[in-house]
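Just the one chain here, laid out as structure tokens, in the form predicted alone.
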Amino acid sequence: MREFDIQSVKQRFGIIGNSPLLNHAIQVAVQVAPTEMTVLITGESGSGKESFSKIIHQLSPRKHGQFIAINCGAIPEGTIDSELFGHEKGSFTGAQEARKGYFEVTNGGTIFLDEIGEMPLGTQARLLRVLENGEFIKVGSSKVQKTDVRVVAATNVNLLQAVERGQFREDLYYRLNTVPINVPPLRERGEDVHLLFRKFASDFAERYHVKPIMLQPEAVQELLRYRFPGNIRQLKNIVEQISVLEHEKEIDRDTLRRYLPQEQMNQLPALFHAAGAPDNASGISERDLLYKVLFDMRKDMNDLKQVVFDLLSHQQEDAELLKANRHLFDEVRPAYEQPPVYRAPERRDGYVLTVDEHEPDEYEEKVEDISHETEEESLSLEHKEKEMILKALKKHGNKRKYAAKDLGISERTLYRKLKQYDLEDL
């Protein structure tokens, strides 16, 4: 399709933007429109899926027929069959007269079924019969009726995953997905965000008889960084709020930020838990995963401390620094004293260090011996540290400021050490 044709379609249906993803979606819609193929439009809520259903209808041979858009998620499960296929008088409580359904009324036209993923399984079976044979039966009737309706469906959920969960019929999915069209979310459309902002600003200025708002360069960059989970619908609401509430029409970055929910500014990845899925659906819960991350971080930190500790222990000239900063290494312990971490079994010095495979008697004896040695070393270091503090205080006539300076530590650390060794009365 030529670029000129795409631009004319945009102008006709009020579509703003020039992103390649958007242009591709429009091109597919225009190419499939003259056919009778069923189309499935996918995309996030508020991304403009209904506009593509109108393109398909208006550029098809059915353009003179009726077009009806139905939100399947907004119709109660108990009445959706009646709404779509009609019912006979007395077929259920409250059915005081017969009623035609949308598939009968729209004969020769197009039905747009938005949020098709919310359709109940029973209704899905009825819809499949319409798509395959052009037949339906009213609620409370046994008479088969014919209809000639083109179906365009849309969803903001992954229907394949819904099929795997048993929430959507597999045969219906493949019948609907004859031609897929994916409408890109606003955050993937680049400069289109600013174009839409300016278009909405102009529209609201005309509606409310005010001067149109404009963004300063820094505000434009802030706008482009925002993720817009509500897509075009959210952007339109934000522009309307600013147009009405702000007297200064040249909007800076700080002003714009007040209208952008800040939780959506962070683009760091987060743990995802599918709605309705059990904690162990993927073999490990989010809590276990978080524990694993925390334990790994702690182990990495302790390993780093151990390296520095070993380095300083073997450097004679750094002995004083080590003694003065012993508190930094309080958490340095042998690896087998760390909390359990999710990892493959590891052997060290002939001993298995994981809980599942170690030999209890030998392992516990090994840990006890080394823990005892570590404790003795720790006591020895504390004794030497206490000795050095006393010498420094004696040297400077119990003047703690100068003693701390001589020891290479802060006064605050010295006070803490004096309290630790019960030397506060000196």
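Don't overthink the numbering: it's just position in the shown sequence, from 1. Predicted model, so just to flag it, every value in this text is computed and none were measured.
What follows is about the form predicted in complex with a small molecule, which we do not show.
Only one of Phe228, Tyr173, Phe200, Phe136 comes within 4.5 Å of the small molecule in the predicted bound form through a heavy atom, and that residue is Phe200.
Interface residue among Thr110, Ser243, Ser82, Asn156, judged by heavy atoms within 4.5 Å of the small molecule in the predicted bound form: Asn156. Each of Ser47, Asp114 and Lys236 is positioned with at least one heavy atom within 4.5 Å of the small molecule in the predicted bound form. Contact annotation: the small molecule lies within 4.5 Å of heavy atoms from the stretch 37 to 45 in the predicted bound form, the single such stretch among 383 to 391, 397 to 405, 60 to 68, 37 to 45. Contact annotation: Arg189 falls within 4.5 Å of the small molecule in the predicted bound form, judged by heavy atom distances. Not displayed here, the small molecule is approached by Ile16 to within 4.5 Å at the level of heavy atoms in the predicted bound form.
Contact between Met119 and the small molecule in the predicted bound form is not found at the 4.5 Å heavy atom cutoff. Using a 4.5 Å cutoff between non-hydrogen atoms, Leu223 does not count as a contact of the small molecule in the predicted bound form.
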